[in-house]
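A single chain comes next, written as structure tokens; it is the form predicted on its own.
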């Protein structure tokens, strides 16, 4: 007789785009991962009741609520998922941690470094996750494996871009992401945070940086674009560029790593492929290989489809959640967690300080 799974009731705070993505992950994760828990979509929370009721009907949430304070402490809720504007991340996460809940939070973690560090301290005794989902792209996870196997040798260069054209759309300029009071920053938090998390995951700590920012829209109080030059602790150098005004780019999240033994290149817009160049081969055979990272013997090949059958954006959230629940059952630490996200926030904070002072900034 099979052992009965523990039921986890989820309360999700938020009802926008990313809340839809999370809702899908909660539904799908049990089909792709062997879970120790049954997830139940108990309550969805937001300010607009009509919008909430439509979301609840579409995604199968049992209840709706317009005040997050009314649900964070409920005894029948085990998981708090935060999918709201950045200004609300800290109060909700801290209240959830105080109530002993499992806390899941969207990126960037916080409005400031001080806030991020306070949040990381608050959740130390509860399971926690930050949705830096791109770590779970199979091609990115495979790049990590190749780096750990020393297939590219000593790293010399790390380059990253995150480019989209959303800022050039006048219908989007009034949203919360374009207001410092609600977002904390612009392209820095929205886009650069993803690039920095992947760099810390793949190439290690950043020791110092120099940054410039720019706002293209008159009167806007957050950055529309940011460019960084950095030194890494492993001796490599790097560059980052993030922009909401990269016309012609819908969601171009890339990295390129050059080492003594080879090169890796990735573009989210072709997310099932990883380019690998092996400099140890005979010179007449050296060439870039476009690897389709969908198995066999690739990350998550056993979870999703047969080799050669591509996956999509939504699977990165499913894999993040699946790995988290597995770690939870094994009583192991999960990454990326709030502490990892606070390290990302430290880089974002240094970038903003550097852009203002126009000097290099050393990270503590």
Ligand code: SOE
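Positions refer to the first chain, counted from 1. All of these numbers come straight from a predicted model, not from anything done at the bench.
Just so it is clear, the following notes concern the form predicted together with alpha-L-sorbopyranose, a form of the same protein that is not shown.
S.K.: Tell me, which of 142, 240, 255, 134 has a heavy atom within 4.5 angstroms of alpha-L-sorbopyranose in the predicted complex?
M.R.: Checking each option against alpha-L-sorbopyranose in the predicted complex, the one that comes within 4.5 Å is 134.
S.K.: If the cut-off is 4.5 angstroms on heavy atoms, which of these, 90, 206, 72, 191, is the one near alpha-L-sorbopyranose in the predicted complex?
M.R.: In short, 191.
S.K.: Residue 177 versus alpha-L-sorbopyranose, in the predicted complex: is there a non-hydrogen atom within 4.5 Å?
M.R.: Yes, residue 177 is a contact residue.
S.K.: Even though alpha-L-sorbopyranose is not shown here, does residue 118 get within 4.5 Å of it in the predicted complex, heavy atoms only?
M.R.: Although alpha-L-sorbopyranose is absent here, residue 118 would stay clear of it in the predicted complex, with no heavy atoms inside 4.5 Å.
S.K.: Within 4.5 Å, heavy atoms only: does residue 101 come near alpha-L-sorbopyranose in the predicted complex?
M.R.: Looking in the predicted complex, residue contacts with alpha-L-sorbopyranose do not include residue 101, since no heavy atom lies within 4.5 Å.
S.K.: State yes or no: in the predicted complex, is some non-hydrogen atom of residue 161 no more than 4.5 angstroms from a non-hydrogen atom of alpha-L-sorbopyranose?
M.R.: No.
S.K.: Only one of 277-285, 146-154, 226-234, 183-191 has heavy atoms within 4.5 Å of alpha-L-sorbopyranose in the predicted complex; I'd like to know which.
M.R.: Careful reading of the contacts points to 183-191.
S.K.: Is alpha-L-sorbopyranose in the predicted complex close enough to 17, 107 and 251 that every residue in that trio has a heavy atom within 4.5 angstroms of it?
M.R.: Yes, all three are in contact.
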